[in-house]
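We begin with a single chain expressed as structure tokens, specifically the form predicted alone.
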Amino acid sequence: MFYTTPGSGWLDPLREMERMRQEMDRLFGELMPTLRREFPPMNIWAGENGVVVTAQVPGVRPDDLEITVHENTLTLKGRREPDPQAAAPDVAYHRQERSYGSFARTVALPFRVDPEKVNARFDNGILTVELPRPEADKPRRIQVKKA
């Protein structure tokens, strides 16, 4: 079924499905706060020259991160240690929302990247990975000549 709003014509059904997914995420987030999304949360931007990935990894030391790239796949592995206060024998959790332990996340990138030129930096719990596209794979504009 397609939905319309006055004066706008037909709405894109995929946009409506995305809106419903977001609403379900919001609803389940309120009803079941213990459900966890994939960790770490990532943003991925793609342009003609490459891809930039940012990942939130609070509480993880840069030395505890492992980044691997193969063709168009990026894998991020690491480990978050538990809070030192939690190990005290006279302390019990009142609320525990932050998880700890090993994690791994693999994402498909929109195109192959050049693994020799990947650059990663870490600042205030945010990992930024710049993945350039190989020159041979970049789109090229073709000049059309008159016959």
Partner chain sequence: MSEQTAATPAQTQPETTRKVPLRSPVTDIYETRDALVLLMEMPGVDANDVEIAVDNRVLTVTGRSSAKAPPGCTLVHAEYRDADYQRAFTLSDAVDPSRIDAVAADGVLRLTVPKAAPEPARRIAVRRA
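All values derive from a computational prediction rather than experimental measurement. Numbering follows the first chain given and starts at 1. Between two forms, the rigid core is the largest collection of C-alphas that superpose within 1.5 Å.
What follows is about the form predicted in complex with its partner chain, which we do not show.
- Contact with its partner chain in the model of the complex holds for none of Glu16, His70 and Arg112, as no heavy atom of theirs lies within 4.5 Å.
- Although the partner is absent here, Arg79 sits far enough away that none of its heavy atoms falls within 4.5 Å of its partner chain in the model of the complex.
- When contacts are judged by a 4.5 Å heavy atom cut-off, Arg61 counts as touching its partner chain in the model of the complex.
- The closest non-hydrogen atom of Ser102 lies beyond 4.5 Å of its partner chain in the model of the complex.
- Under a 4.5 angstroms non-hydrogen atom cutoff, its partner chain in the model of the complex lacks Arg26 among its neighbouring residues.
- Contacts with its partner chain in the model of the complex, taken as any heavy atom within 4.5 Å, map within 116 to 142 to Phe122, Asn124, Gly125, Ile126.
- Core-aligned CA deviation for Arg19 between this form and the one not shown: 2 Å or greater.
- Put the two forms on the same core and the Cα of Gln96 is off by 2 Å or more between this form and the one not shown.
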